[in-house]
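Given as structure tokens, the chain that follows is alone and in the form predicted on its own.
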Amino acid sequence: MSNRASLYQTRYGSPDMAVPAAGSPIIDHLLAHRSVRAYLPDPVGDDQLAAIVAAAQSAASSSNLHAWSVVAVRDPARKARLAELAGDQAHIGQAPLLLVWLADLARLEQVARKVGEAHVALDYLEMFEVGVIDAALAAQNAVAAAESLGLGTVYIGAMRNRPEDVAAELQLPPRVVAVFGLCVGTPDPAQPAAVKPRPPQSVVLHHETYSLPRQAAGLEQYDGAMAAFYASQGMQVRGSWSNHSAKRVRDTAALSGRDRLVAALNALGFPLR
């Protein structure tokens, strides 16, 4: 089996996955992505950080507004406090670097004031979405860059569990909010991370028009692939991927405090009209 075929089969959790004729080293690199939650204590140097941020800034930005920022956190005490705010995830403290990605409209307000313009549009949901999307695009570039340097990463969505407290810890001004974190560090070879399967393309790829019924077979196949993954990793997950996912959307308790996100955003300077 070729390395490329192995990458595709591992990514989709299926030995029958057909390998497209089109390919490149960049696609191979992306296919090998995995979430890393165990790190060596080796620091992430300033040169590495600068290269990662340069890659992040090379992502597309809506209307060239650059409505995002990132806070690099290395201080162990601050990481520990942020870990507690994010559900006590141990890998946040273990990783030598935590990048907290921000939707940042404060800079645009400052720019508007500097040139004597109003900034009414910043109060609307669209501009908040621009900040979130820009931050996500930048972060994904950063992940690819970090992995190309031999580093591992994992996203931390739980930075949204207690947004006001995270904002206070990072001294964020109004109109700036943490949308997610990203642990970065050298993966611990003693605790290797596995590639988690993705659904068949028939689930996410639609041609011309969208269809829910056409996804059914692919979702059933994905339940099987994830069951095999859970077993291979010794994960005690009850039921299928479908059962697990349904529990994550069943009630507000599953949101881990994020059910009050609109109120938190309002308090942090985002009216969301």
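Remember, predicted model here, so these are calculated numbers, not experimental data. A residue's number is simply how far along the shown sequence it sits, counting from 1.
Missing here is the form predicted together with another copy of the chain; even so, the following discussion is about that form.
Participant: Considering non-hydrogen atoms and a 4.5 Å limit, does another copy of the chain approach Leu149 in the predicted complex?
Facilitator: Judged by the heavy-atom cut-off of 4.5 Å, Leu149 is in contact with another copy of the chain in the predicted complex.
Participant: Wondering, does Val120 line up within 4.5 Å of another copy of the chain in the predicted complex on heavy atoms?
Facilitator: Answer yes; at least one heavy atom of Val120 falls within 4.5 Å of another copy of the chain in the predicted complex.
Participant: Although the partner isn't part of this model, could you tell me whether Val176 comes within 4.5 Å of another copy of the chain in the predicted complex, counting any heavy atom of the residue?
Facilitator: Although another copy of the chain is absent here, Val176 would touch it in the predicted complex, with heavy atoms inside 4.5 Å.
Participant: Are any of the heavy atoms in Leu272 no more than 4.5 Å from a heavy atom of another copy of the chain in the predicted complex?
Facilitator: Although another copy of the chain is absent here, Leu272 would touch it in the predicted complex, with heavy atoms inside 4.5 Å.
Participant: Check, residue by residue, if Tyr39, Glu164 and Ala227 all come within 4.5 Å of another copy of the chain in the predicted complex, counting heavy atoms only.
Facilitator: Answer is no for this spot.
Participant: Along 247 to 273, which positions have a non-hydrogen atom within 4.5 Å of another copy of the chain in the predicted complex?
Facilitator: Result: Lys247, Arg248, Val249, Arg250, Asp251, Thr252, Leu255, Arg258, Asp259, Leu261, Val262, Leu265, Leu272, Arg273.
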